[in-house]
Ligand code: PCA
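Take a look at this single chain in structure tokens; it is the form predicted on its own.
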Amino acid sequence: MSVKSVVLLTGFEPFSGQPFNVSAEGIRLFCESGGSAARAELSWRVLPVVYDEAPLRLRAAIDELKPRVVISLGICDEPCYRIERVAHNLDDTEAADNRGEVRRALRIIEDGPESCAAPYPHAELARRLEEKGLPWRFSESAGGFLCNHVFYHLCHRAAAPGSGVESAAFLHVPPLGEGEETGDLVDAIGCAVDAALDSLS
């Protein structure tokens, strides 16, 4: 009997006065629905919107679960799914994290590369979203806030020898109001997970 691959999904806690964060709701609903459970061991974590804490929580989850696939989600201000392909070594935004910290023009990892390409089958995810009739676009920048901050740490970790992370991605999801239908969001997460699993050797 083959051992299932471990898939870690992460989202973010609410910030900027939001009552909830759809990225966290999406991964919870997907895992509770049993999506892809026949193919993988699914786990999810909600990361704090705090510069110093979010990567520590991510690293701890990777160390504990030893996933082959890590997919992080964040909320965007567009009505589509943004498939992030490159993480940049830069915190740079006027927005404050949930502890009030603002970072402008600061490197995320001092001796890290300027950018990291995510090891993930982006074109396959795009194809699957297209098949579902879900709007999407590729993106080369996840911004200068916590989304890119976590994405860069994730890609940097995946590139480290012996990390065990074979596929890593960041997907920006469109905003949803409380009570709005979440079926498309769960479908999109399923597309992201299945695309990654199919790419594993």
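Note that residue numbering follows the sequence shown and begins at 1. Source: prediction; values computed, not measured.
As for the form predicted together with the named molecule, it is not shown, yet the points below apply to it.
Contact with the named molecule in the predicted bound form, defined as any heavy atom within 4.5 Å, is confined among 37 to 45, 146 to 154, 52 to 60, 160 to 168 to 146 to 154. When you look in the predicted bound form, the only residue of 83, 90, 75, 86 with a non-hydrogen atom within 4.5 Å of the named molecule is 75. Contact between residue 172 and the named molecule in the predicted bound form is found at the 4.5 Å heavy atom cutoff.
Put simply, residue 10 is far from the named molecule in the predicted bound form: not one heavy atom of it is within 4.5 Å. Residues are counted as partner-facing when one of their heavy atoms sits within 4.5 Å of the named molecule in the predicted bound form; in 12 to 39 these are 12, 15, 21, 23, in sequence order.
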